[in-house]
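Coming up is one lone chain in structure tokens, specifically the form predicted alone.
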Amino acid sequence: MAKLSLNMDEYLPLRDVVFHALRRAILTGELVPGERLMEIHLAQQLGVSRTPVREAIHKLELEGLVSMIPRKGAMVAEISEHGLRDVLEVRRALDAFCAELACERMNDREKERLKEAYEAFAKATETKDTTVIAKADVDFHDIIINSTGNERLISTINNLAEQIYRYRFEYLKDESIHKGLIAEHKMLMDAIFSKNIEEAKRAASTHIDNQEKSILSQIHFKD
């Protein structure tokens, strides 16, 4: 069982604090796919009653991060090949569209921030800390996404964020791909800066293609 803890600094109801703690543990791999989620054990470990744990598990089930198995109860959802392909298929299309819009709409301040985020990501890979690297990767892509100024598009991507993060985290565990990722980020950034729409869309799609190939080579799926 993972060593779970609550961030009691969060100004949230206890049930939400528990929810965020369990979700974070699943996304970062502290709670592994297929692991049973025993309410009483989780409650004891977190120092809370079973009620907020039960509510958190239900919310995690709605997000697709927990599965309810007959006669077994709640388990961390497996990372399935079908689920991976579904999520990345959508992300590939959305990222390419974001790259296109960023070529047309990104302002000078956002370009400066993107360059800083690119450099921060490169530096983050030196830490060998997957959580730090994942945050830097999210920061880089969020600048591109937000530069589109399309609230519906931004909202759609945010709704997929947690599922995407789970796959992103698995991908970034492989240190051998970090240099390639830095190069891919630069290709995407340079294409946006030069307003080369076709090159930006291609770079965004290639980035996702390589992510899919890497994850497929790393994980034994249960499909």
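Residue numbers here begin at 1 and follow the sequence given. Note that this is a predicted model, so its numbers are computed, not measured.
The form predicted in complex with the DNA exists for this protein as well; it is not shown, and the discussion that follows is about that form.
Student: Within a 4.5 Å heavy atom cut-off, is N158 in contact with the DNA in the predicted complex?
Tutor: Because no heavy atom of N158 falls inside 4.5 Å of the DNA in the predicted complex, the answer is no.
Student: R15 versus the DNA, in the predicted complex: is there a non-hydrogen atom within 4.5 Å?
Tutor: Contact with the DNA, yes.
Student: Is R152 close to the DNA in the predicted complex, meaning a heavy atom pair under 4.5 Å apart or at it?
Tutor: It does not: once the DNA is placed as it appears in the predicted complex, R152 has no heavy atom within 4.5 Å of it.
Student: So in the predicted complex, is the DNA close enough to P52 to count as touching (4.5 Å, heavy atoms)?
Tutor: Result yes; P52 sits at the interface with the DNA in the predicted complex.
Student: Is it true that I182, I208 and K213 each have at least one non-hydrogen atom within 4.5 Å of the DNA in the predicted complex?
Tutor: Looking in the predicted complex, the three residues I182, I208 and K213 all stay beyond 4.5 Å of the DNA (heavy atoms).
Student: In the predicted complex, which of the stretches 162-170, 189-197, 63-71, 23-31 has residues with heavy atoms within 4.5 Å of the DNA?
Tutor: Answer to the contact question: 63-71.
Student: Can you list, in sequence order, the residues from 24-54 that come within 4.5 Å of the DNA in the predicted complex, counting heavy atoms only?
Tutor: Those in contact are R36, L37, M38, E39, I40, V48, S49, R50, T51, P52, R54.
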